[in-house]
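Coming up is one lone chain in structure tokens, specifically the form predicted on its own.
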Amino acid sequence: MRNDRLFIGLMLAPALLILAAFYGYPMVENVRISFTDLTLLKLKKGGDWVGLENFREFLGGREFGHLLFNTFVWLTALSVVLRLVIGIGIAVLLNSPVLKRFNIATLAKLAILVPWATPPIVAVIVWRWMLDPQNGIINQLLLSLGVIDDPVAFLSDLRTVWPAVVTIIVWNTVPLVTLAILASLQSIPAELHEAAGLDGATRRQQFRYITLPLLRPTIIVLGLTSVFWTFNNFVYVWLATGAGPGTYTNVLATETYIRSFVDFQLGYGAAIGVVMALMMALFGVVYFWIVGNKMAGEEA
């Protein structure tokens, strides 16, 4: 028994060392820097210890509420909910006999892979070109249909900039949700729906009482990972708007970059990173606590 434990420990040691080197050390170093006034201009000298000053300045700043609202509501909540709803809808459509009847099921599955295979940087550039007020195809289409009278600067107008950014995120990321939901749908035994149909259940009732409950584990995992990934995402907002116009679309991730590499305040930027990590850790605990209690209540 003792030899087995020693053998298991030796086998796990390389992986644990890699985790400590690539995850543990950067995390500890980031926390240490967050308590200093380190700047890019004083890297060799190192920063002086300032205690909780960076956290007090950030959490008590006027921009904190604005950053929190943009990050939680616009960037995370709206895009994740839309991603899950649209992903489930497309997966149900791809799994339906309608597409198979017209022999376009395979073509539709290949088409859904195109946005997913497009790198986020390329996706943002393409969408910026499409949304351009002068030459963008979307403005030309809306003008030709009479929907708008003048071109709209989607990425600089306060009324349209967030919907435009969320559209780019959802377009680029919904295929992953769709494919995961589709795989779960195809693992549901057809006999369950056939038996429900014989008992007189409509398609809507079958979806509500059979399909959705069986999809719940997949939706929970996708929801959690989507929130983590979107909350920390920097690429879409920065490349689409540069956190503008002004600071209108500034989120926590872009604020971290601006403070660290534009204003050179590495200590302050590290403090924002620590706050973001604590927020996501708290979210993960609450999320699993609520979902775990709900599932335990249903099984009881």
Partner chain sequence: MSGLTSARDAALPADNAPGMGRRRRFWRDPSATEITVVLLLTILVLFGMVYPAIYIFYGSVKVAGGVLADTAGFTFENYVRIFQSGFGQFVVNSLFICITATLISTAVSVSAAYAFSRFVFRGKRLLFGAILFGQMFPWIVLVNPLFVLFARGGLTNSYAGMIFCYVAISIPFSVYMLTGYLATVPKDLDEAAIIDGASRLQIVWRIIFPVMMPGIVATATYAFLLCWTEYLFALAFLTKPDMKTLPLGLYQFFGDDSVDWGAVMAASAVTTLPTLILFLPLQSKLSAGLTAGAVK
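Positions refer to the first chain, counted from 1. These numbers were taken from a predicted model, which means no experiment stands behind them.
What comes next is about the form predicted in complex with the partner chain, which is not displayed.
The partner chain: the contacting residue among V80, A164, V152, L94 in the predicted complex [heavy atom, 4.5 Å]: For this set of options, the contacting one is L94.
Identify which of V147, I137, L212, V73 has a heavy atom within 4.5 Å of the partner chain in the predicted complex; exactly one of them does. Going through each option in turn, the one that passes is I137.
Looking at the partner chain in the predicted complex, is some heavy atom of each of I8, A15 and R32 within 4.5 Å of it? Yes: each residue has a heavy atom within 4.5 Å of the partner.
Answer for F69 alone: is it within 4.5 Å of the partner chain in the predicted complex, judged on heavy atom distances? Judged by the heavy-atom cut-off of 4.5 Å, F69 is well away from the partner chain in the predicted complex.
In the predicted complex, is there a heavy atom of the partner chain that lies within 4.5 Å of any heavy atom of N232, even though the partner is absent here? So N232 counts as contacting the partner chain.
Does I112 make contact with the partner chain in the predicted complex, using a 4.5 Å heavy atom cut-off? Yes, I112 lies within 4.5 Å of the partner chain in the predicted complex.
Does at least one non-hydrogen atom of W289 fall within 4.5 angstroms of the partner chain in the predicted complex? W289: no contact with the partner chain in the predicted complex.
Given a 4.5 Å distance limit between heavy atoms, list every residue of 178-202 close to the partner chain in the predicted complex, or none if there are none. If the 4.5 Å heavy-atom criterion is applied to the partner chain in the predicted complex, 178-202 yields L179, A180, A183, S184, Q186, S187, A190, E191, H193, E194.
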